[in-house]
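Next up: a single chain in structure tokens, the form predicted on its own.
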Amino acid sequence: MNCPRCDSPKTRVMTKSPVGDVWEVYVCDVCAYSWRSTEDPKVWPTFKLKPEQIPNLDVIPAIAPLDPDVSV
């Protein structure tokens, strides 16, 4: 299966539904796009990335540590 965003064949199953084998989530190892097997391909990105654009993509920032003084 090729990535819907960059057309790379380097995709893998990231996770599966915990009950009933209903869906899978795939992720692209090249551009980090992820999608669920139950999604309609019509709603996938209408844009495509060129290979030379991928190194310049923004990096997702790390989640900041929780403030120990704030109760949830």
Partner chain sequence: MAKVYKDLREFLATLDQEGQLLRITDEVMPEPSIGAAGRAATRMSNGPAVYFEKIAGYKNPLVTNAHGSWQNHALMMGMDKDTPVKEQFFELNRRWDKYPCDPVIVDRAQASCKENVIESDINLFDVLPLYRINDQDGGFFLSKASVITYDRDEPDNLGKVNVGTYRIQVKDVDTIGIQALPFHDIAIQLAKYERRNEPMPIAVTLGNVPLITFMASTPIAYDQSEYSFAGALQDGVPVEITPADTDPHLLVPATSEVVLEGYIKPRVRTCEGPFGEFPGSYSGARNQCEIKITHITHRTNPIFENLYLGMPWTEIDYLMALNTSVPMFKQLHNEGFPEVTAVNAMYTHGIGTIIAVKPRFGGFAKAAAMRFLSTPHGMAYGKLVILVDDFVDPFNLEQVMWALTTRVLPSKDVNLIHNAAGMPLDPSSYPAGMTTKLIIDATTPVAPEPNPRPVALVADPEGTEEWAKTLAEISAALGK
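Since this is a predicted model, take the numbers as computed values, not measurements. Positions refer to the first chain, counted from 1. We call the rigid core whatever largest set of C-alpha positions still superposes within 1.5 Å between the two forms.
As for the form predicted together with its partner chain, it is not shown, yet the points below apply to it.
Enquirer: Can P51 be called a contact residue for its partner chain in the predicted complex at 4.5 Å between heavy atoms?
Expert: Close contact is absent here: in the predicted complex, P51 is far from its partner chain, nothing within 4.5 Å, heavy atoms only.
Enquirer: Under a 4.5 Å heavy atom criterion, is P9 part of the interface with its partner chain in the predicted complex?
Expert: No, P9 sits far enough from its partner chain in the predicted complex that none of its heavy atoms falls within 4.5 Å.
Enquirer: Although its partner chain is absent from this view, report whether M1 comes within 4.5 Å of it in the predicted complex, heavy atoms only.
Expert: Residue-level check for M1: no, no contact with its partner chain.
Enquirer: May I ask you to list the residues of 7-27 that have any heavy atom within 4.5 angstroms of its partner chain in the predicted complex, in sequence order?
Expert: Residues within 4.5 Å: R12, M14, T15, S17, P18, V19, V22, W23, V25, V27.
Enquirer: With both forms fitted on the core, give yes or no for whether the Cα of P61 moves by 2 angstroms or more between this form and the one not shown.
Expert: Comparing the forms between this form and the one not shown, which are aligned on their rigid core, P61 does shift its C-alpha by 2 Å or more.
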